[in-house]
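Encoded as structure tokens, the following chain is the form predicted on its own, with no partner shown.
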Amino acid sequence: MQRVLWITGAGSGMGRAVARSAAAAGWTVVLSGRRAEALRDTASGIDGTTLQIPLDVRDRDAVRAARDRVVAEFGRLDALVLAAGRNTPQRQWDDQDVDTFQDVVAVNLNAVVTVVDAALPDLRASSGLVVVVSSYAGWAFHPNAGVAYSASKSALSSVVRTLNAGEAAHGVRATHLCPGDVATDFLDQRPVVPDAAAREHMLTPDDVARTVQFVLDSPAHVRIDELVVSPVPRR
């Protein structure tokens, strides 16, 4: 039976690239994201079994219902790739607001915990994998990333560490994946949006997907605790 991978943030960017890479490698992929049309676009590039579940990862009841649907459809869940993310152009102390701060944290941090918690019984049963798509800013402080984004992504390191410490006995493995600049639409959330010339020197979604595939393909006795992937700086 094919292994089942549930991807959040699958409607674009890194999540979409991971979905297509994993499907090509033989995984059954479950696609979640807020926009049903975007999920259909992702699925259109996949030659294999997919399930599309439009989902706001901030909604705990909806997350649990989505997990129930996955297991009802396939009878198992083997891996998560958590790629949903949020930032805001108003990201410094002098222009941010607390409501937006809370929303960024809700997507980047709270939702990761919510999805893992919902899926954990299934991951224990399958000795499953979790790949948390974090950020370079979650590995090393970057002042321009913003107050909420930096706080939420840095906290993901502890989420992954505690998951590995607490669930290793069940064979569950988690990876804190920290990519540098990636040329996706997420860049549109910056105060100054990078132009095409700047994006040419960034990582691509496919670069990140290859990294995730390396983790997914690793044997059960190998745990990749943390991976940092960066574009080579321009000279």
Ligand SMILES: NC(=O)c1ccc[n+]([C@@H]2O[C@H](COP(=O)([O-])OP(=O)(O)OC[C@H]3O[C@@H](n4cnc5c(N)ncnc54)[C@H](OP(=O)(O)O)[C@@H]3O)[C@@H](O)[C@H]2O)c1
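In case it trips you up, residue 1 is the first one in the sequence shown, and so on. Keep in mind the model is a prediction, meaning the values are calculated, not measured.
Just so it is clear, the following notes concern the form predicted in complex with the ligand, a form of the same protein that is not shown.
- Site residues V57, Y149 and T184 are all in contact with the ligand in the predicted bound form, judged by any heavy atom within 4.5 Å.
- Proximity to the ligand in the predicted bound form, taken as heavy atoms within 4.5 Å, picks out 184 to 192 from the listed stretches 23 to 31, 44 to 52, 184 to 192, 163 to 171.
- In the predicted bound form, A118 stays away from the ligand, with no heavy atom inside 4.5 Å.
- The closest non-hydrogen atom of G85 lies within 4.5 Å of the ligand in the predicted bound form.
- Of the heavy atoms in V159, none are within 4.5 Å of the ligand in the predicted bound form.
- Proximity of R35 to the ligand in the predicted bound form: non-hydrogen atoms within 4.5 Å are present.
- Using a 4.5 Å cut-off on any heavy atom, the residues of 102 to 133 that reach the ligand in the predicted bound form are, in sequence order, V107, V133.
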